[in-house]
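Just the one chain here, laid out as structure tokens, in the form predicted alone.
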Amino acid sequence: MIFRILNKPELRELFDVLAANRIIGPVQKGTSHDGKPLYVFEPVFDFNELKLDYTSTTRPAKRYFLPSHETLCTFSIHENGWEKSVDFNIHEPHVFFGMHACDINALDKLDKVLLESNFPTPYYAAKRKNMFIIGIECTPQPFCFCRSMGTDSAFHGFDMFLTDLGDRYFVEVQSVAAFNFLKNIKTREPEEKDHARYMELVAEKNRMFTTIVDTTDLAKILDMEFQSDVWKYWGDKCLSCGTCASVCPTCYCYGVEESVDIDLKGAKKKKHLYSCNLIDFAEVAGGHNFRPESHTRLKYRYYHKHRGFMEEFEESLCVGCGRCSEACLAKITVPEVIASVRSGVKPKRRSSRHGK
């Protein structure tokens, strides 16, 4: 890895160099009910629209890799037979300008399943390989626990990574493409003071994490507590709405629908993201449902994140971004669920969020 120092005014120059491609970045799209800004990843055409000091986006960048709805293929019938058309739905390179470490790690985890497995997904692969990612250091929020999950830092999966040192950026350069782009920008070698400032900021960031999740032997504990009453407690609160999956950067469960035109001259096969918390997720032909109760569905979601994925890849699927806890209408939080499973005791009283 190569390290460079980039003065802040030069960042606009980098944006302009990259603007020949489609740039996706964090922008503010409104405010919450309590007056806090809401950020999302959207196409950016003006550098001034970028909010690189954003806290967290309400939805992850996953929708550019795994769209909620996607046409996989179409069929057409004509006099001489039929034709099948496949479109991977990526027609130009995308530049992600300002992605936090947890979201970069989320893509790395998705890669293990959708890119590096025995049966890679070509639609995901085509989009992933047409991405240029610029990461940026974040400020820990009260609801995130990425440090507990080991995803507060990114070591791969990006092209360059920026850390704000005040009047300059400390740049980690990881790809040849990033190195070539920076040839067009004025940069310099880091000095001792730059390294010292970088280490100070890392230590300061580590002290800012307030939500801690104990993951010690978590996979084993989940096995031992499979029949625990705490699952019923949380399941009774769960609304089975699937909101957690829609904002999660690593949920990838999906369904496929096929439709035929009424004139029988065309057909489509579409994919849509799904949630294992939805009541019909485990329903099969004949109407039998393997998971008819909400607590069973909620439990299996946690087992997939922290047990099944761990068994397969020796790491949790959760990155600790806290989006699911923030979006949950029933105020179910991952730290509370895991703490209650570890103790085997149902919470007697729900504490208010984040000390409020």
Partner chain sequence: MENRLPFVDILKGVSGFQRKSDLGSFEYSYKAEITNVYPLTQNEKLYQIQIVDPDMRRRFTFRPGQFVMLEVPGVGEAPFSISSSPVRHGDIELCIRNVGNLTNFLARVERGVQVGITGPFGTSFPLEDMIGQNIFLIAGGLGIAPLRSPVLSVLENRSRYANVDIIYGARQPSELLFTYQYDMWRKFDISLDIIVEKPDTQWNGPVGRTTDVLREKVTKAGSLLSNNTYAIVCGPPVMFKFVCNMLTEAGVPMQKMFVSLERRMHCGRGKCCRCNVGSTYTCLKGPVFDYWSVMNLKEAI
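Positions refer to the first chain, counted from 1. All values reported here derive from a predicted model rather than from experimental measurement. Here, rigid core means the biggest group of C-alpha atoms that superpose within 1.5 Å across both forms.
Although it is not shown, the form predicted in complex with the partner chain is what the next lines describe.
You can rule out all but one of 164-172, 239-247, 144-152, 93-101: in the predicted complex, only 93-101 has residues with a heavy atom within 4.5 Å of the partner chain.
Residues E83, L114 and Y274 are all found to lie within 4.5 Å of the partner chain in the predicted complex, as judged by heavy atom distances.
Contact check for A267: a non-hydrogen atom falls within 4.5 Å of the partner chain in the predicted complex. Among residues of the shown chain, P67 is not one whose heavy atoms approach the partner chain to within 4.5 Å in the predicted complex. Contact annotation for E204: none of its heavy atoms lies within 4.5 Å of the partner chain in the predicted complex.
Not displayed here, the partner chain is approached by N184 to within 4.5 Å at the level of heavy atoms in the predicted complex. Put simply, of F75, Y198, F209, Y233 only one has a heavy atom within 4.5 Å of the partner chain in the predicted complex, and it is F75. Shown here without the partner chain, the chain has S117, N118, F119, P120, T121, P122, Y123, A125, A126, K129, N130, F132 in 117-152 lying with a heavy atom within 4.5 Å of that partner in the predicted complex. Comparing the forms between the shown form and the other one, the C-alpha position of D261 differs by 2 angstroms or more, with the core used for superposition.
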